[in-house]
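Take a look at this one chain, the form predicted on its own, written out in structure tokens.
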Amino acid sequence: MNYLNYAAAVFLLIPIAAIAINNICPKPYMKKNFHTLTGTVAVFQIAAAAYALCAMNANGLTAYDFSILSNLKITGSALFRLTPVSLIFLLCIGMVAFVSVAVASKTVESMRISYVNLLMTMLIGMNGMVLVKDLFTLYVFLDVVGISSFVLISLFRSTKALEGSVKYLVISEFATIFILTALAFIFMQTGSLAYQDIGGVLEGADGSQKNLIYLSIALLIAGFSIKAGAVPFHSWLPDAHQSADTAVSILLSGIVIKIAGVYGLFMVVSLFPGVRAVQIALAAIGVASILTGALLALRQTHFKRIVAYSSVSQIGYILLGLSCGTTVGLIGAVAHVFSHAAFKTTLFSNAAALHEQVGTLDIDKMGGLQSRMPVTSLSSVVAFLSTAGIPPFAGFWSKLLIIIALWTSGSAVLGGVALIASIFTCAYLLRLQKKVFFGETPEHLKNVTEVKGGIKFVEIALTVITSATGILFPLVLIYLQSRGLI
């Protein structure tokens, strides 16, 4: 297990080392090679997550406790835990971070040293959230993610960026208040915030204690829903996405809302299993997010705002999966976290390509770019089909599992709503595709050519990942069936 312990330590130690290197090396050198350093960290994370997932499966482990101080033999120092779910989240973090770095190599011309420091700090925060074993430490790492996100949004100091970052900060403060208050109430009942001590808190509690615990659960759901950008807490998301650099938007939509929000809600479901009020709340928020996000996306003309509202809608599907309270629902939700990370980062990479080559993200000022930018057009189509849940792409399988979970758990109506809502997804994405890539090319776009470099590379890579995951997913289902999980 030594190798597994070393792989686990990568998630916290490598980003810390990267921050040290970034600030010790000469600034001119780091400004020129910032993408090499950050890209290497992302690759290490992807490799470590993949190895740990395979190693745990080979040894039949469902959890592995570790500590970066393990060699000191300190009693009780195993503060972190790897699970298959946390490793999938860690894999997604590494993948999205790599895409952000590749895009940043083209779009981030200034403040590169600060970008690296903030990205690595955000990476530490997100990794820490999915590795910890108690709610308070999760909150601490959540605050690290929130502060890093706020500064990244405002990093380039434009008026819109500052406006978007302030909105994010103000709304996030409400999430902080809700979560901290909930933790205080839970601590009053249990004397501990460790996951293992919270699981049975509702059993044997009297009336007043149950009411306080239910209030705590409601506050946790509200706080993490704000972080996830779910309806009705979604107002910060499109403004932050539109105003931030596209490399930052990729982080926000591709992974931050899932770690800071969805993973927190996953822990609420795990710590309070079978609580009907939790399932109803997540189902209600999920349906509202799916429909509201899709309908608002239909009204937008800015590429990144359309994709931002699409994220609101797709988060709703993940919440519906969590609301089922079943293994299939959980698998569907986690699968959709991965597929969403792939197709959403593809669409934001497309946004970066269009902004670099066309100079605008107003879809009413584009058209006919399919022949001028074939790689961007093809990757956009694949991402669109995956988002809409069209086979054989990754999004089809994750949505299918969620709908099956809803149907088999007695929520057939919600399953029908989730299925029908895909029509709205098709509508706003077809509109985007038509306005940007189809039709005749306007005169002012006649000389547009395909983007090159890192953006083009990640467009191709993400398209391959989305397609290959969809094609090979039946093998995953066979494996899950052999383990008795579905």
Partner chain sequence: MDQNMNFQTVMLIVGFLMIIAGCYCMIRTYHILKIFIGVEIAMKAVTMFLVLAGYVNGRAGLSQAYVITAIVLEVVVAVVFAGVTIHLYKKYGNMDIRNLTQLKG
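Residue numbers count along the first chain shown, from 1. If you're wondering where the values come from, they're calculated on a predicted model, not measured in any experiment.
Quick note: we don't show the form predicted together with its partner chain, though the next part is all about it.
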Open item on the list: Given the stretches 94-102, 353-361, 190-198, 258-266, which is the single one in contact with its partner chain in the predicted bound form, using a heavy atom cutoff of 4.5 Å?
Closed with: 190-198
Task: Heavy atom within 4.5 Å of its partner chain in the predicted bound form - the one residue of 117, 300, 292, 279 that qualifies - done: 300
Task: Contacting member of 396, 338, 139, 272, with respect to its partner chain in the predicted bound form [4.5 Å, heavy atom] - done: 139
Open item on the list: in the predicted bound form, does every one of 22, 25 and 81 come within 4.5 Å of its partner chain, counting any heavy atom?
Closed with: no
Task: Any non-hydrogen atom of residue 181 within 4.5 angstroms of its partner chain in the predicted bound form - done: yes
- [ ] May I ask you to state whether residue 151 is within 4.5 Å of its partner chain in the predicted bound form, using heavy atom distances?
- [x] yes
Task: Exercise: residue 309 in contact with its partner chain in the predicted bound form, heavy atom 4.5 Å - done: yes
Open item on the list: Does any part of residue 214 reach within 4.5 Å of its partner chain in the predicted bound form? Heavy atoms only, please.
Closed with: no
Task: Interface residues of 416-434 toward its partner chain, as seen in the predicted bound form [heavy atoms, 4.5 Å] - done: none
